[in-house]
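This document opens with one chain alone, in structure tokens, the form predicted on its own.
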């Protein structure tokens, strides 16, 4: 690991019971009855669709689309590390609320120290309402008095433009996990780049979800400088990419694994059998 990944990985979470409460909510997601949503981005790696599309989603699909415990622990540590680094309350931007699991992990990280504010964007109103309810309950149950959040609903093309055009507070951390198209990902990165603190952090999810996403991540590395980036592996390939804007230049991309070696071995065996 590079120094920043090592620092983040070694962060101590004082209130670990909060993470257990998030995991409980995550485990209950499959019990949510199926319902219809409006999807504004591609639903599969080969989907080139741009137009909004109505689709039915199940509770199990919601769980698969949400941040799991190992991914969430890193988000919590990253948010905590960022508040410590900035020395006070921070502002976090999230593109892709879903049902609020990743948002809970980010709120949890902020709350462990100085606190702050989360601005989250979601295209579908039904998903946003589910997230709103669960995140409010999460804050109340865990008595998080130093954090707040807002969910902005609507097509990202419209809502993000309005947000970035406004004279809003500077960002310190951004988690980009919505509309997995190459062009959209690059646009979001550039927009965030113009709004974030010079020592801020930008996280991209699903960087190998499709050839377009992989190409977008390579482009971001070239623009930012490969040494300012790191990758979080889930299984046997990079799952999330991180840009540390204040990292010292070097020639290597450092990595950290979100799962243990036994889990990685099991995945290799399963893949070989297939």
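Nothing here was measured: the structure is a model prediction, and the numbers come from that model. Positions refer to the first chain, counted from 1.
The same protein also exists as the form predicted in complex with a small molecule; that form is not shown, yet it is the one meant from here on.
Next on the checklist: Can you work out whether residue 155 and the small molecule are in contact in the predicted complex, taking contact to mean some heavy atom pair no more than 4.5 Å apart?
Outcome noted: Residue 155: yes, in contact with the small molecule in the predicted complex.
*asked:* Using a 4.5 angstroms cut-off on non-hydrogen atoms, would residue 201 count as touching the small molecule in the predicted complex?
replied: Output for residue 201 is no: heavy atoms all beyond 4.5 Å of the small molecule.
Heavy atoms within 4.5 Å of the small molecule in the predicted complex: does residue 30 have any?
The answer is no: residue 30 has no heavy atom within 4.5 Å of the small molecule.
_Please tell me whether any heavy atom belonging to residue 244 falls inside 4.5 Å of a heavy atom of the small molecule, as the geometry stands in the predicted complex._
Because no heavy atom of residue 244 falls inside 4.5 Å of the small molecule in the predicted complex, the answer is no.
**Asked** With the partner absent here, would 21, 25 and 109 each sit within 4.5 Å of the small molecule in the predicted complex, counting heavy atoms only?
**Response** Result no, not one residue of the spot touches the small molecule.
### Message
So if I measure heavy atom distances to the small molecule in the predicted complex, which of the stretches 82-90, 117-125, 193-201, 134-142 falls within 4.5 Å?
### Response
Contact-bearing stretch, as computed: 117-125.
Item checked: Proximity to the small molecule in the predicted complex, single hit among 214, 226, 69, 65 (heavy atom within 4.5 Å) -> Among 214, 226, 69, 65, a heavy atom within 4.5 Å of the small molecule in the predicted complex occurs only for 65.
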